[in-house]
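Presented as structure tokens, the chain that follows is alone, the form predicted on its own.
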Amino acid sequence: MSEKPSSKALSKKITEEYMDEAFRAHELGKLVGYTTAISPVELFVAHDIVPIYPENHAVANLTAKKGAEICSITENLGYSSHLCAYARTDLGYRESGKTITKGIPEPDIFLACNAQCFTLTKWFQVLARRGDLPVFVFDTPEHVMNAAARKEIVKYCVLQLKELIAWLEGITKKKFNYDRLQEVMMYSAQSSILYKKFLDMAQYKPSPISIFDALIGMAIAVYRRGTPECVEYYQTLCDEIDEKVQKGIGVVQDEKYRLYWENLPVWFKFSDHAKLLASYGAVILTSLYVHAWSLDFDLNKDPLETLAENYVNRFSNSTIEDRADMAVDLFKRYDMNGMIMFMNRSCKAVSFAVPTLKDILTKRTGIPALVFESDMGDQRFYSETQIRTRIEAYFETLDSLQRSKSA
């Protein structure tokens, strides 16, 4: 009997098969659709369109510290350095061919959802103009808790999903299969339950996972939603983490500080930050960002309605008050005693709220916050000495608070 593959091996296999399918899409009678990380990708999967995420390709290059080099190429074309590093990296790749990967296949169509970011639609429109290709913008008004307003927003988004289906039918000359959509959504629902279980294992002490594990683990949730292999991956991952829990294995064995992180990660400092924080007995457990793919599909509802509810209701598309409520819930469930708030010059849609969010969270939790500014992908805007000094000072503050509480 062959040994069950590890989650790491499964992730590699799933990714390789996915990219192979994408590069051979036309040969297989499929189209390639560029889409955003938060979008109703289940419609693509159900309609035999291979979803490709330029953001993911950008992340691979940013993590490999290629951001400054590739972004400079885009800036030489006249684009501002204030634009998103994902977009600058993607446009620089298309201009120069520079990438640490095999690249990504060229698109046939574009689906942009503005729930996560209002600038993504412009990036996709720039790409679409290069090849005179069709773009569909799925517009998601800001999510609000007011029940009546929420109902109207969902109705508006359901109408757009119907328009999107008609648009796909017109392009492919193929009737949309709602039975197939139900099957795809069943897989999305199952994998989402397991993904949430994986993230919530950070509640254990010591925590068997850090946010860095969560960021690696979320990749399959982004680009393989709606597939049986996605379900298999998260079941395997949960089983592995369960085993660590049973053995009492933590990311930081002498765990002292359990931290919340606000914003996207600083991709090029991924492993450095993990090691630096561990030296203080600290582990970042979670963020609203990794929970953005903690979707909740109600399979008893009209599939378009539950799709609309999910993709409207993301942290990046919520009011500051609602984001604070979501974060405080994580603080309570994960028993966190510190927070790092990242002002990300690349992602203004998420970062504009950080100062206010910091004040609300500090007031409601009584926990001081470390706030620093940088860029998620462009290392030209990262000050090593300054940030290390601020991290050191922050842990001195937390140590002092702990001593005063125990005195």
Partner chain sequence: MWENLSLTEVTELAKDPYPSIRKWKKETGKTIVGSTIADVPEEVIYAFGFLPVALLGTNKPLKKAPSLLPDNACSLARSNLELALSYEGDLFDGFVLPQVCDTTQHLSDIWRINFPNTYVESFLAPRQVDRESARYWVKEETERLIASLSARFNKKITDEDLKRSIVLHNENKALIKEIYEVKRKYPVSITNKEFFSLIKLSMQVDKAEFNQTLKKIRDSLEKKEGEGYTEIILTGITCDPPEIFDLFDEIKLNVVADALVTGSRYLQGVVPEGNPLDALAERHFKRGFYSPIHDNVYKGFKELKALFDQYKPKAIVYIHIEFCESEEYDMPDLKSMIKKEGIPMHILSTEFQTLSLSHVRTRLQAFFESLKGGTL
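Numbering follows the first chain given and starts at 1. The model shown is predicted, which means the values in this text are computed figures rather than measured ones.
There is also a form predicted in complex with the partner chain; it is not shown, and the following applies to it.
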{"query": "One stretch from 284-292, 232-240, 190-198, 135-143 that, in the predicted complex, holds residues within 4.5 Å of the partner chain by heavy atom", "finding": "135-143"}
{"query": "Output flag, 270, 278 and 380 jointly within 4.5 Å of the partner chain in the predicted complex, heavy atom basis", "finding": "no"}
{"query": "The partner chain contact in the predicted complex: residue 159, any heavy atom under 4.5 Å", "finding": "yes"}
{"query": "In the predicted complex, residue 149 touching the partner chain (heavy atom, 4.5 Å)", "finding": "yes"}
{"query": "Close approach of residue 114 to the partner chain in the predicted complex, 4.5 Å, heavy atom", "finding": "yes"}
{"query": "Contact flag, residue 296 vs the partner chain in the predicted complex, heavy atom cut 4.5 Å", "finding": "no"}
{"query": "Contact residue in the predicted complex, chosen from 104, 330, 214, 83 - any heavy atom within 4.5 Å of the partner chain", "finding": "83"}
{"query": "The single option of 320, 186, 249, 171 touching the partner chain in the predicted complex, heavy atom within 4.5 Å", "finding": "320"}
{"query": "In the predicted complex, residues of 99-123 near the partner chain [heavy atom within 4.5 Å]", "finding": "114, 117, 118, 119, 122, 123"}
